[in-house]
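Given next, in structure tokens, is a single chain: the form predicted alone.
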Amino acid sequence: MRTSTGPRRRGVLGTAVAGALGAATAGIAAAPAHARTAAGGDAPRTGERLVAILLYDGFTALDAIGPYEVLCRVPGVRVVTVGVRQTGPVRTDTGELSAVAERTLADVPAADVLLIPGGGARGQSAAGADGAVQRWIRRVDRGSVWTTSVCTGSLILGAAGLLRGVPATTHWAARPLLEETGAVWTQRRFVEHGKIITAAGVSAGIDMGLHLASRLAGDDVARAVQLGVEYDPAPPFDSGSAEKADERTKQLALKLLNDASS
């Protein structure tokens, strides 16, 4: 995934890790790819798993980029970003950052992993009401190995009818909206139910990404990727979940989120 703010950061560590990565992954065989082609660009190589991340106007940056930073480093996995009707820059919920969609819905008829990020209220609602988006989600889900979401992306899956009676999670503030889709609210960092995996708010997508890495390539690779991205959370405050925060902090959090995406 490229952002409009600058080139991809790949060269700095490349030389240092190339030899170690080669040795670590030499014995890993990629699983057969479920989706063999993605029109509009290079097709996945034989044996690659294809991960399709939907980018719609108003998505939340870390919802997509967190899992991307994990999954793009898994051997045998190729990640593509998918715009709704055109390729090119797609604005996030703040309106101040863009990520580049490499394909369109029409270009990606199938994928091994479908990943739907959440977004600001406007963007998420529009995606959930977009018939083309909903038809694409249902189509890809029919053949996917994993269908996943981050944060309020679960509301978009719910709008597509994929969460009725399914244990699922989302951002803590969106629980009532998730339950309206027929999902069974489950208070966890991420919830796996059959082929459906839903992650809680924003940063939980990294946890889900590591879980998916384990599913796709094994625990050893997932542990190595976690170290590679140095994901070792040690936040300065213990208010990272609604259960830990007081009411004043909750209200301020909602105001800050709404102000940033207005």
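Fair warning: this is a prediction, and the values are worked out from it, not measured in the lab. Each residue number is its position in the shown sequence, starting from 1.
Although not depicted, the form predicted in complex with another copy of the chain is the subject of the following passage.
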- Task: State the residue from 166, 84, 97, 159 whose non-hydrogen atoms include one within 4.5 Å of another copy of the chain in the predicted bound form.
- Result: 97
- Query: Should the three residues 125, 176 and 182 be counted as contacting another copy of the chain in the predicted bound form, with contact defined as a heavy atom within 4.5 Å for each?
  - Reply: no
- Query: Do residue 72 and another copy of the chain come within 4.5 Å of each other in the predicted bound form, heavy atoms counted?
  - Reply: yes
- Can you check whether residue 223 is within 4.5 Å of another copy of the chain in the predicted bound form, heavy atom basis? yes
- Query: Does any heavy atom of residue 112 come within 4.5 Å of a heavy atom of another copy of the chain in the predicted bound form?
  - Reply: no
- Taking the shortest heavy atom distance, is residue 105 within 4.5 Å of another copy of the chain in the predicted bound form? no
- From first to last in sequence, which residues of 47 to 64 have any non-hydrogen atom within 4.5 angstroms of another copy of the chain in the predicted bound form? 60, 61, 62
